[in-house]
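The chain below stands alone and is given as structure tokens, in the form predicted on its own.
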């Protein structure tokens, strides 16, 4: 047959020598739900630098304005992966078998600004100058059970004030939280650094502290639908490899410090600024990034016991069913060397 069709013979020979040239596989379409924050930067970097393409993944990024919506998108199969902070809703969905935690995202680490406590100008002028003084204040959060709710819970535990003395006002999204503070509807809010700095530069608010100065924790994670972990494990492995390359680039560009503890923002950071400017909202400047680039483990390793502790806190508040167990929704097999793993 090949003698009768010489062109087919040539193609066959080429395929044997360079199979990728002739038998290239189409990239697999994958969707991730995320927030437009610097903490999502490793995903943005990996996409823009072609790391997902190199793993045979055509990645679509769906942007949301609250962490709970990110988790719901994965649980409802509108997205294959998600990357965001833990919430009570996340734990409930994971407890029902919908989600699997597979790698770390952001965490509160000493010396790296990430989430800020922000007082309104009026409250600040009236003497609200410390996160220790949240009792009796009104605070805009996204939703009950959000990471912002947990931030306040950790503060209450540390500084011995009653959490129910804080008037939490759920407004559903980060932009609404910013608007509530700017409009004088609340005394304070808790925001990612880029958003907090925007309010401060506008004169609408005043940063009165950073979470890492008071409470340390594993804030965010990369997770996947349980279905894709079960049915397409090789795809998840490829996805994590691309993500880790983005993490490594992010760490090299934004997390290095000199002997005095000052950030070393150089050419690598400047080279990545177009990626952040494209994806992050509000659009960050290099000066903002020097302050607001949060810590993420360069390999995606989790602080595992801290996740157990978070789950226990949400359960104690009656926000997550007591039957939910962290061991059932954390998959430690995709990344090596996770930290503080319970025995």
Partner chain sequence: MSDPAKTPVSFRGAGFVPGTRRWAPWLAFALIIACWESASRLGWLPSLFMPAPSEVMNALHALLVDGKLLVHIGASLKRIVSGWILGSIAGVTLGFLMGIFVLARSVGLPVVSALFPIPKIALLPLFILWFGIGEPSKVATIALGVFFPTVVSAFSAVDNVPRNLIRMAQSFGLSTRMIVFKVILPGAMPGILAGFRISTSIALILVVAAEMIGADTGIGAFVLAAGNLMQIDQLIAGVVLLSLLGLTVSALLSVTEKIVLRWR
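Residue numbers count along the first chain shown, from 1. Since we're looking at a predicted model, the values are computed, not measured. By rigid core we mean the largest C-alpha set that fits within 1.5 Å across both forms.
Not pictured, yet referred to below: the form predicted together with its partner chain.
Exercise. Which of these residues, 204, 215, 172, 226, gets a heavy atom within 4.5 Å of its partner chain in the predicted bound form?
Worked result: That would be 172.
Problem set entry | Residue among 192, 220, 145, 131 with a heavy atom within 4.5 Å of its partner chain in the predicted bound form | Looking at the other structure, the residue within range turns out to be 145.
Exercise. Counting only non-hydrogen atoms and a 4.5 angstroms cut-off, does residue 246 reach its partner chain in the predicted bound form?
Worked result: No, residue 246 stays farther than 4.5 Å from its partner chain in the predicted bound form.
Exercise. Does its partner chain get within 4.5 angstroms of any non-hydrogen atom of residue 335 in the predicted bound form?
Worked result: It does not: once its partner chain is placed as it appears in the predicted bound form, residue 335 has no heavy atom within 4.5 Å of it.
Exercise. Even though its partner chain is not shown here, does residue 68 get within 4.5 Å of it in the predicted bound form, heavy atoms only?
Worked result: Yes, residue 68 lies within 4.5 Å of its partner chain in the predicted bound form.
For this session: Please check if residue 50 has a heavy atom lying within 4.5 Å of any heavy atom of its partner chain in the predicted bound form.
Result: Residue 50: no, not in contact with its partner chain in the predicted bound form.
Exercise. Hey, with its partner chain in the predicted bound form, do 92, 168 and 176 all fall inside the 4.5 Å heavy atom range?
Worked result: Yes.
Exercise. Quick one: which of 289 to 297, 54 to 62, 313 to 321, 28 to 36 gets within 4.5 Å of its partner chain in the predicted bound form, going by heavy atoms?
Worked result: It is 313 to 321 that comes within 4.5 Å of the partner.
For this session: Please check if residue 78 moves between the shown form and the other one, taking a CA shift of 2 Å or more relative to the superposed core as movement.
Result: Residue 78 C-alpha, core-superposed: shift of less than 2 Å.
Exercise. Does residue 268 count as moved between the shown form and the other one, where moved means a C-alpha shift of 2 angstroms or more after fitting the rigid core?
Worked result: Residue 268 C-alpha, core-superposed: shift of less than 2 Å.
Exercise. Relative to the superposed rigid core, does the CA atom of residue 218 travel 2 Å or more between the shown form and the other one?
Worked result: Not so; residue 218 is displaced by less than 2 Å.
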